[in-house]
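Just one chain follows, in the form predicted alone, and it is written as structure tokens.
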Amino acid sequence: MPMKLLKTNMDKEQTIERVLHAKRYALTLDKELCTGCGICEEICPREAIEIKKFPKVEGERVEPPTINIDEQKCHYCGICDPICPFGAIEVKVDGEHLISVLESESFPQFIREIDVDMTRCNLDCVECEEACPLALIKVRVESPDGKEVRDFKSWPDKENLKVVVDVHKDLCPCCRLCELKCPDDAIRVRKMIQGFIKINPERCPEGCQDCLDVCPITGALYHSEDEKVHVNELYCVYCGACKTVCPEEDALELQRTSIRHTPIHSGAWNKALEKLTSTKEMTKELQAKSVKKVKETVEKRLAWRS
């Protein structure tokens, strides 16, 4: 039994803690990073997370929802931490970022594949930094000794300067905006979640743009001349924030079809994958794993015989 259960709710973060004799568990939600997409709520095995929506004020933009974590139900399994597309949740044990399901490889992490060829970058280009809707990219120019050069235009030997692009990958949902806006073809981003999203205009309430108001990715949803909200799936990360606030059940359809993740060695992920995608997609992944396992077994036997 816990010695103490604590909960602190501030403007920018929410923290719950479970204090035992030998260990102290803590889960922190960064409200500035949270989009209220609901992925953590979908997969929480203890139903300890719930979406909190804010009442809409007529004539104003709808506020993005947030989440509330029940300190009585949470067991600090940690699966909400690696599965948050925006890195808004962090679980710690005795002050260290430690997630047992990751260490045992019974639950995966998202694969955030973001590669930058900085040799292709021009000194005066900051397109990727300006394009990032979450301000996760910082571009700077460095001298040969590694110091930042702010006024590179007056630098006598520009050929020895280099561009450094820092990307906060742990928080990146891989929307690809930086790649598609880069004029030098220097960035490659592979989406970690694939799927499709469809808006049914005939079901949308007149003048409603709640989904557009809460979408964290600039340009994924946009207002057209027909005064309806449309989708640009080049940028969409299929987080589900739009679906969370949509006032009409059939107005917006979102389906995740695959999730790129690290290898796992247990079935703990299967139930979560089924919730996030579908039974069909979960079955596909299981079949692919089965085929891969058979192939590896055959290859090992052939190698042993040779």
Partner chain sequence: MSEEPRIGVFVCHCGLNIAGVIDVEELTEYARTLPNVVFAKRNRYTCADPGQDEIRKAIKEHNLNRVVVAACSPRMHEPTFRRCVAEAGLNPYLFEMANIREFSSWCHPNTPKEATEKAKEIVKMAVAKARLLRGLKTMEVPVTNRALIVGGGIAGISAALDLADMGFKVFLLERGESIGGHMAQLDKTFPTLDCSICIEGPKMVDVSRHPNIEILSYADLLSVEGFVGNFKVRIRKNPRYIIADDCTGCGECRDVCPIEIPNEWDMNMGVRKAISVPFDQAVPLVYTILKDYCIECYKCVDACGARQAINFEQETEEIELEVGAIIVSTGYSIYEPYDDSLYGYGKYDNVITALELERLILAAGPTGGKVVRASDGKKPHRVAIIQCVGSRDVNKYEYCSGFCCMYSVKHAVQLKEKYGDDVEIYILYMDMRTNFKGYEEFYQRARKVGVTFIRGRVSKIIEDPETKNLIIRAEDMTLGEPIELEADLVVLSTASIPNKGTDEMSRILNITRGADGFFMESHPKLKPIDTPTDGIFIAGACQGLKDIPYSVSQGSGAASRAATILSKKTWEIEPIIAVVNPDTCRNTRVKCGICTTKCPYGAIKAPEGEPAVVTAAMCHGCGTCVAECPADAITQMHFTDAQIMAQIQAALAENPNGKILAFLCNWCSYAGADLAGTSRFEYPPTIRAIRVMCSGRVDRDFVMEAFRLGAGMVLVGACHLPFDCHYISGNEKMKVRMETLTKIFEKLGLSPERFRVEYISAAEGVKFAEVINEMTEQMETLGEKKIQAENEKLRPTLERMLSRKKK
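Residue numbers count along the first chain shown, from 1. Because the structure is a prediction, the values reported are computed rather than measured.
Just so it is clear, the following notes concern the form predicted in complex with the partner chain, a form of the same protein that is not shown.
Out of the listed residues Thr218, Gln194, Ser143, Ser104, Ser104 is the one that sits within 4.5 Å of the partner chain in the predicted complex by at least one heavy atom. The closest heavy atom approach of Lys31 to the partner chain in the predicted complex falls outside 4.5 Å. Contact annotation: Ile51 falls outside 4.5 Å of the partner chain in the predicted complex, judged by heavy atom distances. In the predicted complex, no heavy atom of Ala303 sits within 4.5 Å of the partner chain. Contact annotation: Lys280 falls outside 4.5 Å of the partner chain in the predicted complex, judged by heavy atom distances. Shown here without its partner, the chain carries Tyr25, Arg46 and His265, all of which come within 4.5 Å of the partner chain in the predicted complex through at least one heavy atom.
Stretch-level contact analysis of 198-206, 154-162, 131-139, 95-103 against the partner chain in the predicted complex, using heavy atoms and a 4.5 Å limit, identifies 95-103. In sequence order, Lys4, Arg18, Leu20, His21, Ala22, Lys23, Tyr25 are the residues of 4-33 having a heavy atom within 4.5 Å of the partner chain in the predicted complex; the partner itself is omitted from this view.
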